[in-house]
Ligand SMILES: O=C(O)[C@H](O)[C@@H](O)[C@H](O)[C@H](O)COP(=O)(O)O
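There is one chain below, alone, in structure tokens, taken in the form predicted alone.
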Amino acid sequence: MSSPSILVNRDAEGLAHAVAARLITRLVDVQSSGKVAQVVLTGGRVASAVYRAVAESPARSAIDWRRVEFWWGDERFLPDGDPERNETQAREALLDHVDVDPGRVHPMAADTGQGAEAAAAAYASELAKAVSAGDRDGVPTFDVLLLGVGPDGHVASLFPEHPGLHSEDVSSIAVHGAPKPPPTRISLTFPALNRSHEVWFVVSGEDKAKAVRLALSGTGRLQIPAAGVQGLNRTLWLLDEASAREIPSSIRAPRT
């Protein structure tokens, strides 16, 4: 696992554009080696701003979007098309504006009455079908995994002290009783989240500052789940000034 790097941008808008530029570059680099890029998307306000910035960037044309595989780190278990679903937000901000291969877009199931456990098991099966030589834990080795961080330190839908934190033998789980709405969700587990070459935490806002500080200070993953995810090759904390304000100056990178 890699030691984290911290990059601080002036504000949320600058952060979104910086992450968008970095994501475009990363996808181009992966594809230049002949690979189909594997990306794990997240949800939330900052993520949507990143996706919009990618869609609006002239540089997006450098990517062969039909050779990008899209996965999700978690999902709110709501009906298809619900505006609160991470899939809905990603489609509206980016996926509907680029020429993706529908067969390479892998949303987590919507709530159609089948139950969250069945939906989580189906996603685990879909991940397993995508594995190749050298992959582990029933998931493909992702190239980039994007994550937000909640004020409580949660990532994906893994919340502090929640039973899902202890899931080690499956890649995808149903989450019940989440402390923020909706209470029912689907989430990748720690073993799956930790199968990415690069993990990017994209965090904005003063309300996240304490969680960022604790995650970077060695707090255990049961208390601060964000502390439990690292990239195989690189872990980036991409922050704005507000979310970085409690990080000791000795470990902060210069503002970008």
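Computed from a prediction, not measured in an experiment: that's the story for all the values here. Sequential numbering from 1, following the sequence displayed.
Omitted from view is the form predicted in complex with this ligand, to which the following refers.
**Q** For a quick test of understanding: in the predicted complex, does each of Thr42, Arg76 and Arg185 have a heavy atom within 4.5 Å of this ligand?
**A** Answer is yes for this spot.
**Q** Residues in which of 190 to 198, 62 to 70, 45 to 53, 218 to 226 have heavy atoms within 4.5 Å of this ligand in the predicted complex?
**A** This holds for exactly one stretch, 45 to 53.
**Q** In the predicted complex, does Asn86 have a heavy atom within 4.5 Å of this ligand?
**A** Yes - in the predicted complex, heavy atoms of Asn86 and this ligand come within 4.5 Å of each other.
**Q** Does any part of Val149 reach within 4.5 Å of this ligand in the predicted complex? Heavy atoms only, please.
**A** Residue-level check for Val149: yes, a contact with this ligand.
**Q** Find out whether any non-hydrogen atom of Val155 is located within 4.5 angstroms of this ligand in the predicted complex, and reply yes or no.
**A** Yes, contact at 4.5 Å.
**Q** Using a 4.5 angstroms cut-off on non-hydrogen atoms, would Arg136 count as touching this ligand in the predicted complex?
**A** Result no; Arg136 lies far from this ligand in the predicted complex.
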